[in-house]
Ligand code: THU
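Given as structure tokens, the chain that follows is alone and in the form predicted on its own.
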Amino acid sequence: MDWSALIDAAWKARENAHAPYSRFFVGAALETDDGRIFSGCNVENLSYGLTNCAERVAIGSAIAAGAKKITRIVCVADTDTPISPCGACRQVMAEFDIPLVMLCNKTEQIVFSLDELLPRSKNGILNR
């Protein structure tokens, strides 16, 4: 499976990140089942709880454009090791049942299944 278009889109999106507080720039890109690519970057807020992560920005863009199925997503940052999505992003990925997640820095790429990143994600608190 070739991830190069997604990786390139994520790095390009990262260039637009709004991270004046942390100076931590993140990009994400995803692919839908019809081959469309959507990207996102982190958008910080002085009130950190209002910050939007790159992954959720990309997912929101895809859903707003009418995407019904997301097949994979990539997240990039210029870090020593590939970064991993936060818990909120993992849960949003679970909501849309994104099966594959690639984490990248400039030298390394790691692919995970969503189940590896968030076990039992389909067992909500109301499921018994």
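Note that residue numbering follows the sequence shown and begins at 1. Every value quoted in this text rests on a predicted model; they were computed, and no experiment measured them.
Note that the form predicted in complex with the ligand isn't included here; everything after this is about it.
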property	result
The ligand in the predicted complex: contacted by all of I70, S113 and L118, heavy atom 4.5 Å	no
Of I83, I63, L100, V92, the one that lies within 4.5 Å of the ligand in the predicted complex (heavy atoms)	I83
Contact of N42 with the ligand in the predicted complex (heavy atom, 4.5 Å)	yes
Proximity of T32 to the ligand in the predicted complex, heavy atoms at 4.5 Å	no
Contact of I59 with the ligand in the predicted complex (heavy atom, 4.5 Å)	no
4.5 Å heavy atom contact, T107 to the ligand in the predicted complex	no
Contacts with the ligand in the predicted complex - residues in 44-64 whose heavy atoms fall within 4.5 Å	E44, T51, C53, A54, E55
